[in-house]
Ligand code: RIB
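Given next, in structure tokens, is a single chain: the form predicted alone.
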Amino acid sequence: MGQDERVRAHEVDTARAPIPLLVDVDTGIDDALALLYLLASPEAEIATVLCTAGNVPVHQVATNTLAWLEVCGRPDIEVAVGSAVPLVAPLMTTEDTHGPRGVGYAELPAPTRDPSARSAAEAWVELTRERPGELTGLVTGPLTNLALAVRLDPGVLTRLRRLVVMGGCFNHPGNTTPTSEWNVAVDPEAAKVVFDAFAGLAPERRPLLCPLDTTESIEMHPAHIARIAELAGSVPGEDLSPDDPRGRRSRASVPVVRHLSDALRFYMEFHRDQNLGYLAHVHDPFAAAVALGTVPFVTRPATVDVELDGRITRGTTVADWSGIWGREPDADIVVGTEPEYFFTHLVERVALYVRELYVPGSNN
């Protein structure tokens, strides 16, 4: 089969019923935006949110997630805590990218409830047993929890409707080492466990991978934040600028807008410090849109493996696009999308949801 014949365009699915989701996060600035986007989406039914160590340690991830769900009006959603460490390697975190608490400059109120009594790995197993063939997994952090679930019950992946992963890079520079992407680099062994488990499954069961090759085209700019605030009825207007003093805080009347703006300002300052511009690569909301089918995207199948032993390439994801290894494809890699379409959709959806949450002008 020729290469061009294997590329598949996925159009927006406007007729789809709500999709039950298991969402595994390491919250995280862009994870927080992804959760807000899912809460705002009628196509999404969040069954539970699972927390993994990554951007910050796992208990901070859980605190962020619980607090953010409350701020966003959904304190009813279960939050389960996963492993505090990767399968093999010591944990590395990235407070320089996401702030000391993982949410930039945002000062979220303390959550008023505790996480679930079951672990994240147990939740993967138990929920897929309760709802076989129904649940889509969305992982926007390291794959540690899912790998532990596979070890508990190898059938967990066959009971998923589909798995969508934000992770990896193939024909694009890495953001952790020259060749590795953060989520995979934190726990390469976990990524390999999950990717290997898909070998031999039917094509419609292959995971959808959203790598840096595509997600780094998802650039959020100050104008997007300003438009969210405007549509949400928040005052005064949000006007983030590279000329602002570092660490300036939002005065937005709508709490979600205020917290989101303060988180994204930190992220934009980080990207500017890396000479990438005053912007934010919001990888995780794009992966959420792929899971829901609310954004057009293009996929190409490949056989994916993870380098574990290389002295300077550990954590690198490798795609065999042309069958050199003699193994069938085990992943569909998202190789293209329409960023302008995505942001128009994201901004309007998030803003209208936030507007309904708060009376404009309140300062809760």
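As the structure is a prediction and not an experimental result, all values here were calculated from the model. Note that residue numbering follows the sequence shown and begins at 1.
Omitted from view is the form predicted together with this ligand, to which the following refers.
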| property | result |
| --- | --- |
| Answer option from F170, F195, Y105, W182, heavy atom within 4.5 Å of this ligand in the predicted bound form | W182 |
| Among the candidates M220, L212, A123, L240, the residue which, in the predicted bound form, approaches this ligand to within 4.5 Å (heavy atoms) | L212 |
| This ligand in the predicted bound form: contacting segment from 65-73, 30-38, 334-342, 306-314, heavy atom within 4.5 Å | 30-38 |
| Heavy atom of D284 within 4.5 Å of this ligand in the predicted bound form | yes |
| N175, heavy atom within 4.5 angstroms of this ligand in the predicted bound form | yes |
| Touches this ligand in the predicted bound form: R265 (any heavy atom, 4.5 Å) | no |
| 4.5 angstroms heavy atom contact with this ligand in the predicted bound form for A280 | no |
| Site test, D26, N55 and T140 vs this ligand in the predicted bound form, non-hydrogen atom cutoff 4.5 Å | yes |
